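Coming up is one lone chain in C-alpha cells, specifically the form predicted alone.
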Amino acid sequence: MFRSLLFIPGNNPSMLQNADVFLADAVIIDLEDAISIKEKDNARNLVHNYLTTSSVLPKQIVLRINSIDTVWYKKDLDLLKTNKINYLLIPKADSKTIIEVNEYLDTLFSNNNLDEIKLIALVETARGITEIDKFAENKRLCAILLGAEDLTNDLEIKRSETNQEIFYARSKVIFACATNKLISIDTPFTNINDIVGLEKDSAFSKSLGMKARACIHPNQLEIVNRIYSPSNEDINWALEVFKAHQANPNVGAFQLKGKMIDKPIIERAKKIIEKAKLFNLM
C-alpha cells in the first residue's frame, strides 16, 4: 500500500544513496524518461551496483523500465536478478504491453530463482486509457499510475494548473482500480515550487478516489503523505464506528450520534483503521 512514490533518476548516485531517508512509501528508480539515450547503460550499471552493494535500501523499490519496443527493455529486466526490486513500473501501458511483459516474466522466473514481482501500469497514452478495463484484470498488477504529461502530449492538448483536462483519465484509473482491487496512483504535480497548488490538487484527487500520488521532488512528500493518509478526524470516527459495531455485532444497522450505520459504513471504518495502522498513525 502506498501514499507517496518518489521518482529518482537511475543515473543520480547521490539520490540513490540517500533513497532510504526520504519520506516516500516507495521510491521509483527511473531508467526511462529521466535518462538520456547515451546514459542508459551507465544508469543501469549504477543501479545494479547500488542494489547489490548498498547496506540500507528503501522499504519498497519500484523499477521504471524502458518501453518494450526499445533495445534496453530486457536488459533492464535483468536487474530483477538482484532480488531487491519489489515492483516494475511499465511505461506506455496498454493491453499488448502488459501481456508481453507478463510472458517475458514467466520465462525469466522459470529460468531463475527469483522472488515474485508485482506490476504497476503507467497509463500515459490514449490507447492505455481506452484499454484500461482490459489489462486491469491482470493478476500481476497491483496498481495503476496515471502519467498526465505524456497523455496530454498524445492528445495534443496543454496541461493546465487546474488539471481539468485529465478529469476523465483520472476517473478511468480510479474506477478500474476500484473494480479490480488495485491502488490508484495520481500523476505527479510538476510545479515543485507550488506547494499550495500541490495541496489543493491532491485534496481534490483524493476526493475523487485516488489513493496515492507520485512525486518528483522530496519537498512534495510531506504534503502528499498527509493528504492521502486518514486524518485524525477520520481515524477517531472509524474507531467509534468499530467500537459501536463490536457492541452490536448481530445488528444489521444501528444509529451512532443520530446517523445510520450499516455494512458499507462499517467496511469503510475498517479500511481507515487498517491504513492508520499500516502508516503508524494510530
Partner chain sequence: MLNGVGREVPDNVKAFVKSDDFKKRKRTLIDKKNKQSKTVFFDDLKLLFDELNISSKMTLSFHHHLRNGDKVIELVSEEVQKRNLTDMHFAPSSIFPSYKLLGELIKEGNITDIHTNYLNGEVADLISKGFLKGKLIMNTHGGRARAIESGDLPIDVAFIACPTVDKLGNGHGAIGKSACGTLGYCISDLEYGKKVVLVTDNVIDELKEHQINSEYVDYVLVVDSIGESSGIVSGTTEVTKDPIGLKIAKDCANLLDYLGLIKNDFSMQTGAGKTSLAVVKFVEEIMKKNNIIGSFASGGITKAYVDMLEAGLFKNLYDVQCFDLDAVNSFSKNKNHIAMSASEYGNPFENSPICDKLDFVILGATEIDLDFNVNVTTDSMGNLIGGSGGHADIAYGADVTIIISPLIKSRIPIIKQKVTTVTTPGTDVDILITERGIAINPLRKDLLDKLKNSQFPIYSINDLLDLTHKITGVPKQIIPDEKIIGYVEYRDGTIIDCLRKINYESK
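Here the structure is a predicted model, which means the values were calculated and not measured. Numbering follows the first chain given and starts at 1.
This next part talks about the form predicted together with its partner chain, which is not shown.
Notebook entry, point to check: Any chance M1 has a heavy atom within 4.5 Å of its partner chain in the predicted complex?
Noted result: The answer is no: M1 has no heavy atom within 4.5 Å of its partner chain.
Next item on the list: Would you check, heavy atoms only and a 4.5 Å threshold, whether P218 touches its partner chain in the predicted complex?
Entry: Contact with its partner chain, yes.
Note to self: Is S110 near its partner chain? Define near as a heavy atom within 4.5 Å, in the predicted complex.
What the structure shows: S110: no contact with its partner chain in the predicted complex.
Margin query: Check I265 for me: does it contact its partner chain in the predicted complex (non-hydrogen atoms, 4.5 angstroms)?
Written below: So I265 does not count as contacting its partner chain.
Next item on the list: Within 4.5 Å of its partner chain in the predicted complex, counting heavy atoms only, one of 26-34, 232-240, 49-57, 65-73 shows up; tell me which.
Entry: In the other structure, the partner sits against 49-57.
Next item on the list: Look at the candidate spot formed by T130, A148 and D194 and say whether its partner chain comes within 4.5 Å of a heavy atom in all three of them in the predicted complex.
Entry: Per the other structure, none of T130, A148 and D194 touch its partner chain.
Next item on the list: Would you give me the residues of 265-282 that have any heavy atom within 4.5 Å of its partner chain in the predicted complex, in order from first to last?
Entry: Contacts from 265-282: N280, M282.
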